[in-house]
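Here we start with a single chain on its own, the form predicted alone, put down as structure tokens.
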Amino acid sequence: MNSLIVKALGFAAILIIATIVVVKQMHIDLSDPINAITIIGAIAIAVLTAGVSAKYISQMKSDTASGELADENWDGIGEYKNELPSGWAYAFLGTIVWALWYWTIGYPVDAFSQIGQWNEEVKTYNKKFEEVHKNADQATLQQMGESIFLVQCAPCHGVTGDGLSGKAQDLTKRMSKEQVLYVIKNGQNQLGYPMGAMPPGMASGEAAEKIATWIANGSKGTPPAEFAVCASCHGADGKGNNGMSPNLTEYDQPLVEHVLKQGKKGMIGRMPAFHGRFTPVQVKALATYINTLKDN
């Protein structure tokens, strides 16, 4: 027998023995059809891998190129118009047939799923949670928001919300002067508000400086005359025209909702979207808590 074939069979035997050892050590129940099919598949793959490898390695040692050469070539390298290897073609078709069987009969897509069960249980619990807390008072919302913040937000924004000394967005204040100037210069189109994208270059020079200074100082007192260009979208008080555009004065609920849904480019990378992770009550609670950070 060809030494290459012997080596291939030995390799296949080692793979099969290793598979059996692992099955025994893990106490896998082979009475379960899915487990049995998986083990059979593993053994089949071991045998096919060894056999196909041996066949084609042997063939490469003895075969010579033959057949009709195609007209096309790349830098003088052409290819023959040979038929697709039958073994490869049958294996490809077999994979398609097996996939269709697996999706429809072996493990249909509408079969029981632990993930599906978990999702249904979460939906049921969230519905109950929303009903219980739909009229939660301020203290409850703040406590709930703090719990959410410490788990989901604090790793980047810090336990106190200060942005870890400038490494991320400082939630104890709405925006810095530099951030306002950046948005005025470059525009903004990340959060998906009804008013749409803010175009770049809405103001420049001294006018931009005055607007940025007023917003960064908490939008206190009378806004500068130059703020009129911003008021058409953000409102005369900068609070976002009842959710039509971002609130420039505080992290209100619509702003928190939009950031959680859309994600946002930040100082240490892009903040991922958390869409669907929180219930409406939890979003309200998070916004409530974030607005208390500025008082600490």
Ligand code: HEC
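Just so we're clear, the structure is a prediction, and the values are computed from it rather than from any experiment. Throughout, we count residues from 1 along the sequence that is shown.
Here the subject shifts to the form predicted in complex with the ligand, a form of this protein not shown in this document.
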Checklist entry - Where, among 118 to 126, 175 to 183, 133 to 141, 94 to 102, do residues come within 4.5 Å of the ligand in the model of the complex by heavy atom distance? => result 175 to 183
Checklist entry - Within 4.5 Å of the ligand in the model of the complex, do we find a heavy atom from each of Leu255, Arg270 and Phe278? => result yes
Next on the checklist: If the cut-off is 4.5 angstroms on heavy atoms, which of these, Gln114, Asn73, Asn189, Asn82, is the one near the ligand in the model of the complex?
Outcome noted: Asn189
Checklist entry - Would Lys261 count as a contact of the ligand in the model of the complex, using a 4.5 angstroms cut-off between non-hydrogen atoms? => result no
Next on the checklist: Is Ile290 part of the interface with the ligand in the model of the complex - any heavy atom within 4.5 Å?
Outcome noted: yes
Next on the checklist: in the model of the complex, does Ala216 come within 4.5 Å of the ligand, counting heavy atoms only?
Outcome noted: no
Next on the checklist: Although the partner isn't part of this model, could you tell me whether Val52 comes within 4.5 Å of the ligand in the model of the complex, counting any heavy atom of the residue?
Outcome noted: no
Checklist entry - Mind listing which residues of 193 to 211 have a heavy atom within 4.5 Å of the ligand in the model of the complex? => result Tyr193, Met195, Gly196, Ala197, Met198, Pro199, Met202, Ala203, Ile211
Checklist entry - By 3 Å or more, the Cα spacing of Ser147 and Met267 differs in the model of the complex; is it closer or farther than in this view? => result farther
Next on the checklist: Closer or farther: the C-alpha atoms of Ala154 and Gly266 in the model of the complex, versus the form shown, with a change of 3 angstroms or more?
Outcome noted: farther
